[in-house]
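Coming up is one lone chain in structure tokens, specifically the form predicted on its own.
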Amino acid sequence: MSELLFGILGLVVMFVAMILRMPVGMAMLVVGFFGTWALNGERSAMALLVTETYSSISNYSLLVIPMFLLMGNIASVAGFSRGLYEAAFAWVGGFRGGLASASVLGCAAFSAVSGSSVATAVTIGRAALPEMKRFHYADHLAAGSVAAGGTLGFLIPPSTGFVIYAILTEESIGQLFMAGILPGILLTALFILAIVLITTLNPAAGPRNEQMSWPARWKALSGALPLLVVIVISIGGIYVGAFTPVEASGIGAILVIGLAAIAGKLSWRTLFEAGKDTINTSAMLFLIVVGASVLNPFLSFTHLPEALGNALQATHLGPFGILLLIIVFYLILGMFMDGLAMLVVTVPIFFPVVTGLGFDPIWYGVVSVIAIEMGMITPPVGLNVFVVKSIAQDVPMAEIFKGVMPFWVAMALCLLFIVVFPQIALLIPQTMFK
């Protein structure tokens, strides 16, 4: 068997292992280790396992993950996330479909402290879905807005997707964080535009609520202000160069813990729960990093990325045609895999191809993350759809998938805008690092 066929067989075995519910990181680790053993012998495989495990886990930049996760978990258990939703509700809840728009805005704001798509959907969904049910919103609009809004956690900094992408490609975490800001704002605006169109065509889907008074609006905003200040300090500090992403994550976590303690919302129990969730999620992400670090050399041994690049070049579709094929592949893969799995499996294969075509690696990071986000709400799997289903158990899956499709179209438009106008993603990082 040729090395190339052996590499393809390894990927097939890995996908089968994932389908059989083996953890993503472990599936990559097993295939990478035993594949290297089969190709280069036991000694090479053991050396690879030891050196890659140590070098990947000892990466200083990985500290960003547990710190930002802790920041989001503390904000969630302390109830700050509900304050974000209530502030958004106070300002836009009086418009038709306003509760759904408030859900999207709440997701966007909470994304800036959580960095996780699933955590964003769960946290905001618990606050928003009961309210939309109480005001007789259509199930498909309510569930669809939360499922789609949750995907912003994978794009708006501090995105764990960008952290993993940066480690896999050796790009700057700070530049990737900055590159996600304008696309995140654009995608949020397109989601709200989708809600406006839905409720204009079907007013019963999102009834108009009573407008809140201006004093009530400012009061609601003041309740969310402390957490918004933390977001500005941590993300803004990276932009102005006051501190690195790792330092920003630590400062953000300390500030949120301090705010929770001052507000009297931090007990030993909530601190334990937040810490436990942080450790569990961090361990899962660290295992993925280790697995990817062991898998990538195996793929290099088989020359699979090089062969794929040559095959794509042979199509003569040009750079944008090849990029379109890659995006379509992400959408198909998203029907069966979760976002992080797609990222760690595909980036080592596609990244050399894309950079070889002359595309900016930071720009491609944004494009790939949005394409993966689309996969997270694409049937028949759509991880965020299942997350929302776990909260809204009385809503049929068909209704949730029906609800996310207008937002899927909005994400496709956002992706098109960024491909046509790359400066949407590159303006802030280029300004930051002049």
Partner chain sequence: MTTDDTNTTHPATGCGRRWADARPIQWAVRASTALSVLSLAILLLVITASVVARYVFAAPLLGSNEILQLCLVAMVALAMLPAAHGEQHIRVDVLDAYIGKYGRYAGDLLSRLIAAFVLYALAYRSGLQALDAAEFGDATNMLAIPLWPFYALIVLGAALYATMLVIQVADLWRCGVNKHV
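Just so it is clear, the structure is predicted and the values come from calculations on it, not from any experiment. Numbering follows the first chain given and starts at 1.
Separately, the form predicted together with the partner chain exists; it is not shown, and the next lines address it.
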query	finding
Contact segment among 277 to 285, 317 to 325, 210 to 218, 223 to 231, judged by heavy atoms lying within 4.5 Å of the partner chain in the model of the complex	277 to 285
Ser116, heavy atom within 4.5 angstroms of the partner chain in the model of the complex	yes
is_contact(Val122, the partner chain) in the model of the complex, heavy atom dist at most 4.5 Å	yes
Contact label in the model of the complex: Ile349 to the partner chain, heavy atom within 4.5 Å	no
Distance check, Val409 to the partner chain in the model of the complex, heavy atom within 4.5 Å	no
Position in contact with the partner chain when the complex is considered in the model of the complex, options Val353, Ala205, Ala127, Ile251, heavy atoms within 4.5 Å	Ile251
The single option of Leu426, Leu11, Val419, Met18 touching the partner chain in the model of the complex, heavy atom within 4.5 Å	Met18
Within 229 to 255, the residues that have a heavy atom no more than 4.5 Å from the partner chain in the model of the complex	Gly241, Ala242, Phe243, Val246, Glu247, Gly250, Ile251, Ala253, Ile254
